[in-house]
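First come two forms of one protein chain, each written alone as structure tokens, so that there is a structure 1 and a structure 2.
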Structure 1
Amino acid sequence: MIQPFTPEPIRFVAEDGTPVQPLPERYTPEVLRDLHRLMLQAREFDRKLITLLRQGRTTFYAQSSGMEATQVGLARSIRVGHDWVWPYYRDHTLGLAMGVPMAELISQCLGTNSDSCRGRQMPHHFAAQRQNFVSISSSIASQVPPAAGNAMAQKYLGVDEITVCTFGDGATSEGDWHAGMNMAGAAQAPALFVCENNQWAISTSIREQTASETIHIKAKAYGMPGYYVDGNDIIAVMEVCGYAAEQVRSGQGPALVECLTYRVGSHSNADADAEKHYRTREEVDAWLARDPITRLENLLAHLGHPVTAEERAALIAQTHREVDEQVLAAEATGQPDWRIMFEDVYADLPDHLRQQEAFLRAEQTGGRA
């Protein structure tokens, strides 16, 4: 049984790929290879989107490289399209692993006519209706109180859905986080809170923002169990998050899972150079040596089913081709027309907006109707 409040992160696979406890039977070589595919695809998606950013074809991107085991593992621990997910802005790998089409993510990042948000949301802040993946917000921890409310509604309605709310370690220093956690705990709402602890809130380290030894221990204050897991061990993430999700679903109230991982890239393109000044190269290199994809590849090799260099190269090439094709397809749809700023909110446009629309139409058309 998975135990809460462990002093060390729960782990199933060591950094060199050897199991440290028996692996559940469901982790067949086929399942492990599929997890590897998703993680490597997400890593290469990151690299391609950073290239688009440098080319000026999008204006914001927050990579998740190094955190793939946490996000893919969480996606495989919930009932996709049944449970509701309130994500944070680094969760595109979670979205991809939940089945959000790559085309949708790319269209949203580019803000083209193929974007379901119609270019009106900040790049890399997508939503996915079929997956119950709520629109991402940049405001830190702002998703936590409404996620708690979502879970309270699920309890009121008596459904077997749960609400999954993710956030980084920096969010746990925000008032909204504490308010949402307290509300969910007091209501015994079916919410699974997942801290993707990558140890840096932009340039503020985890040690500078809290006196707590860990994040998961904070769950005690809200009357819920807290679980501590090695976020670079995908099997451990799936086992812990899966166990916690079903405990929540069974009516035992909310839970908090802390996945200890690391952001190996910059916070976003906004600090691509500054990050060199707030953390050392030695620290980054130490975490690169704990890479979650390499760990899974080492496990497959240990089990006698290695991923060959040719297989790896083919998967990378396939991902690059798919991204390139989807970028061209999205750009071919063109940029949204200015008129969309007046659509999708009011059934009957108020007079002041009608006046603004008329003014803009005259400005855009030179007075022509």
Structure 2
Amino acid sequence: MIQPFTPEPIRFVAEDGTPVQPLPERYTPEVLRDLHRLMLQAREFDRKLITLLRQGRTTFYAQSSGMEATQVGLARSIRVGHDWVWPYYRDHTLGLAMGVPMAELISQCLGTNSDSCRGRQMPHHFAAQRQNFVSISSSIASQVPPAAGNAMAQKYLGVDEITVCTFGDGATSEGDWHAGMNMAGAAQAPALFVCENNQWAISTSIREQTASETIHIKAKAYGMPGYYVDGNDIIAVMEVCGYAAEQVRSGQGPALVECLTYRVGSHSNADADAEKHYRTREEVDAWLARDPITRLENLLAHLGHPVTAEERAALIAQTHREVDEQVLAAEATGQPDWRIMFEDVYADLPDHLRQQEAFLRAEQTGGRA
């Protein structure tokens, strides 16, 4: 049993890789190496996508570097393709770990014909039906009430699915967040809310965001348990999220997990020089010392299964190759044409859109309607 409302974040592994409490048996070296591979792949994905941004091949990207343990750990705590996920916009590592193909993420970021969302959304706002990974919205916290409704539908249908809803610390200030949390609590819906508290909402710090000491204690107000976890300790994330998910699945009502982590990079390309404007180099360095990938490598070394420099380099090179290949493959499919504007607005094309489509067709074909 894992206790909610702990004063300190729950952790299993110290920064130097020393377990601070016994590790459950399921964390074999093979499992730990798989987690390491996913986290490293996600970090290199970030690096490559920033390069694409600088090359002008995409126009927006929000890194998740530093938050890999939270997102990969959460992905490993649920039943992928069975449970439903209402994510927020920094969740591509969660998507990758849930099995959304890298090709799909890249196609969406490039807005090509291979984008399953057909170039309708700005980069980094994908959706993946096979994984029940619901479309990302830019408006902050607007996914929270629908997630509550998704969970209410699951309860109504009598299925053993749960709904997972993620958000950053900034989202917890929005009315939609409180509305959704309250609704899920009142309905005792099977919803797992996960705050990826990376401590900055663009340039607004968590201390400016709320007078509340932590996010997880807000769960009390909605009648659900609130768990506090070290979001850079992947084993702690998996243990706590896994426990909370099973509690939710067994009909105990919703739960909130706060993963305390850190966004090492900027919010997006819109504030590429974060350290110049709103936070200190010292703060970033202090969090780099708590890096989730290094911590897992330290644990593997502690357990006698170190990741060698060669293995690491090979994995990085492989990820870079894969991204390069997928970028070229996506770009080769070309950009969706103007017709995508009119499709999927409604189930069927209404007359007024039919007329506007005809106008644009004439314009785009030089007057040949």
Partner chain sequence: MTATQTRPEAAPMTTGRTINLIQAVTEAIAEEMERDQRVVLFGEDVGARGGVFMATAGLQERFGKNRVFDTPLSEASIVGAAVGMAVRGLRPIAEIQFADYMGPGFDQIISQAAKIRYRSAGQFTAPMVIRTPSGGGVKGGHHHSQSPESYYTHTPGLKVVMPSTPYDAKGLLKAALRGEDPVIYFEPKRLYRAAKGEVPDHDYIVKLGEAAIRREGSDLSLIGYGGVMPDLEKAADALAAEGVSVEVIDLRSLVPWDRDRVLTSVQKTGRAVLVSEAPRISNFMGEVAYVIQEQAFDYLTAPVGQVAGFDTPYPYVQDKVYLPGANRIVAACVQALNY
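Just so you know, these numbers come straight off a predicted model, no measurement behind them. Start at 1 and count along the sequence of structure 1; that gives the residue numbers used here. Just so we're on the same page, rigid core means the largest C-alpha set that superposes within 1.5 Å between forms.
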| item | value |
| --- | --- |
| Pair member that is the form predicted in complex with the partner chain | 2 |
| Core-superposed comparison between structure 1 and structure 2, Val20 Cα displacement 2 Å or beyond | no |
| Asp344 C-alpha relocation of at least 2 Å between structure 1 and structure 2, rigid core basis | yes |
